[in-house]
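Coming up is one lone chain in structure tokens, specifically the form predicted on its own.
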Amino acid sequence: MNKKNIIIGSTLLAAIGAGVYAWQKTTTKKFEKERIAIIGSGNWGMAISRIIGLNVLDNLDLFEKEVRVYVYEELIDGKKLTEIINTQHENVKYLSGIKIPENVIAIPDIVKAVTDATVLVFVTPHQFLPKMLDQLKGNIIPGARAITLIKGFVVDEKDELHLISKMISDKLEIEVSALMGANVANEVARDEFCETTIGCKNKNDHEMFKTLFDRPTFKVNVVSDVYGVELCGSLKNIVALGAGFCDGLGLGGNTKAAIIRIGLIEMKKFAHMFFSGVREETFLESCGIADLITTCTGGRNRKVSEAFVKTKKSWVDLEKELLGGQKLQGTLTADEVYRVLKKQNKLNDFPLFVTIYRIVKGEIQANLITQFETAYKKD
């Protein structure tokens, strides 16, 4: 081979090598920098906005500085909530007393909030999601991904269950991951140590999501079981209602612990029955047993269900009185799970879930919570 051929061959190999490298680079990193948009600005939404805002500032080589948050516009003492957030850097209604980084910008238009965003963070009550997805359809850039922090799912008019991640993915045609864990928003915002779990199928995004969310006091573990992570975050709210009934009745720790344990068993049974690929070890993650414990001791569903027993007031009235604009999700989830179980003729397999549903609906008294093995089918 002469010198000319060697030079040509070397040049060709170099070109091929450069092409392979460029391909590898684009398959592992889709954008030069990630632009983050957060959809939802309630208690949990603002707590997670604070974490994201701080992590973005710490990693400006990876993320665009500005973090946009879609905020449903409200008037607080005659002033727009978005203006308060953008000038005082605090959501005085949903996370009072906690400062938000100045790079977190409140925007009242959902489409403008997601413009050019490469990562969408959904953290809004799940009953509002279908309308939001209709607005977002066609307004997401190619290659964008999403992560849902929404605890709940949707059951359609045919009584078929749809996970939030699947709903978002189907509507927007993007990859969707899930973040769930023992994360009471006010405690997270005060930097009290906790853990969380991210379910992400695409391993190329594991490190990006960990960088976006992980903090010294908010430790992230990334797993591949998206559905398992998401189901844990949804089903535990039903069990929390049962724990609240125990508290409202003045029952002791033994009883409450038993309800939590049996609730965990029914959570696992439901997940495995209706979704393939859910991993057993996911229930030992923060999204599983840890989230179940904290929700049954300090969450909003436990709080309101305790008051339901003590005051005899309606769920609607208690939500208004006790949650300061936040939404109660456990009662809706209990109703949705009941509809699915009834359609599939599986009510007998989930006596605790059905008993909790019937107490919520006022069909049986709360004191029957400990007699769930027979109470679920009482006339």
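Just count from 1 along the sequence shown to find any residue number. Predicted model only: the values in this text are computed from it and were never measured.
This next part talks about the form predicted in complex with a small molecule, which is not shown.
Decide whether Arg300 counts as a contact residue for the small molecule in the predicted complex under a heavy atom distance cut-off of 4.5 Å.
-> Yes, Arg300 sits close enough to the small molecule in the predicted complex that at least one of its heavy atoms falls within 4.5 Å.
Could you tell me if Asp291 has a non-hydrogen atom within 4.5 Å of the small molecule in the predicted complex?
-> Although the small molecule is absent here, Asp291 would touch it in the predicted complex, with heavy atoms inside 4.5 Å.
Partner proximity in the predicted complex: Thr118 to the small molecule, non-hydrogen atom cutoff 4.5 Å = Outside the cut-off, so no.
Decide whether Asn183 counts as a contact residue for the small molecule in the predicted complex under a heavy atom distance cut-off of 4.5 Å.
-> Yes, Asn183 sits close enough to the small molecule in the predicted complex that at least one of its heavy atoms falls within 4.5 Å.
Name the stretch: of 217 to 225, 168 to 176, 292 to 300, 254 to 262, exactly one has residues whose heavy atoms fall within 4.5 Å of the small molecule in the predicted complex.
-> Correct option: 292 to 300.
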